[in-house]
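A single chain, nothing else alongside it, follows as structure tokens in the form predicted on its own.
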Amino acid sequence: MVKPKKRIVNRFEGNPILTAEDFPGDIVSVFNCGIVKKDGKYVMVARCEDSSFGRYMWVCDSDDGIQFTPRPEPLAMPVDNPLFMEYVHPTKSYWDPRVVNLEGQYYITHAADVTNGATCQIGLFKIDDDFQTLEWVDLISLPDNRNGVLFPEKISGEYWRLDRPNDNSFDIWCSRSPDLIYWGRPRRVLSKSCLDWGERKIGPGSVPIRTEQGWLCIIHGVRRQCTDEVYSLGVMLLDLDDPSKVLGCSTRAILAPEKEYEFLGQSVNVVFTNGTILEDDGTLRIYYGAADQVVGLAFARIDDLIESCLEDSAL
């Protein structure tokens, strides 16, 4: 039976909201970003590349969450940290920044292609309240792992995270920690076999959002289309007290490549998010990378996303 048409996520008509042309200097592409709302203003941490394929994390500021102004310079990497210099690299090996305010401290998780890209681990930065100074904490996962995202509060006295081990199952897992450094008790949260639009691999997206019904999580999935991979977004709902338990996961992709700026870029057919903002009126802003080239913005009602998880569940 064909499902009735249902669109619960709508793109901003002025997309893309951030392109390489917005940045000073030799920037040729801007990717998916982490974002927080601080003192009524929006602070974005985007990953950029230059024409020599050097990589940067660049802070951009906005009053309205639409018009963003990049700062004059990218964030300086902690090159005085010998462990960072040994395992990561100041211009090569960090991807997918996800920003969270946890107990009054801002953290950035990132994927670190360590050992010259032979494997990947989750890395952790601290950043100050003004988003000017990075402090590298450590590598916080075993290889090979990526898409690490922290929950924005402790649960039953412990820190929790979602991640996606690259173990050929490509499922979403969770683990917990007493100190953000040592992680254990891993549990599979969601199998890619549940989602046809993520039949090749799935992974966490932005920071989980606490709602009365559970932790709402935007996720991504990858499917094969002829010779290409197509990246789409979906949504799942996790138990508030035990995020290893899935309460529901929408069978539908809530956002898939449809627009030219999502089809054409460094990586074709990609929408991918690291950052969302829940507004006071229940609107969720989804900031997403499109085709590994630009940043787009989409809107959804939080209640619609929760309803899709519970009433149109793939489980």
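Each residue number is its position in the shown sequence, starting from 1. Bear in mind the structure is a predicted one, so any value in this text is a computation, not a measurement.
The next section is about a form of this same protein that is not shown, the form predicted in complex with a further copy of the same chain.
Screening R200, R71, K154, R187 for any heavy atom within 4.5 Å of a further copy of the same chain in the predicted bound form leaves a single hit, R187. A heavy atom within 4.5 Å of a further copy of the same chain in the predicted bound form is found for one listed residue only; from R223, R176, K126, H89, this is R176. Per the 4.5 Å heavy atom criterion, a further copy of the same chain in the predicted bound form is contacted by stretch 118 to 126, the sole one of 235 to 243, 72 to 80, 118 to 126, 206 to 214. Taken together, the three residues T19, F31 and D50 all stay farther than 4.5 Å from a further copy of the same chain in the predicted bound form, as judged by their closest heavy atom. Taking the partner from the other structure, a further copy of the same chain in the predicted bound form has a heavy atom within 4.5 Å of a heavy atom of N145. Within 4.5 Å of any heavy atom of a further copy of the same chain in the predicted bound form lies no heavy atom of M85. In the predicted bound form, none of the heavy atoms of P97 sits within 4.5 Å of a heavy atom of a further copy of the same chain. None of the heavy atoms of T227 is located within 4.5 Å of a further copy of the same chain in the predicted bound form.
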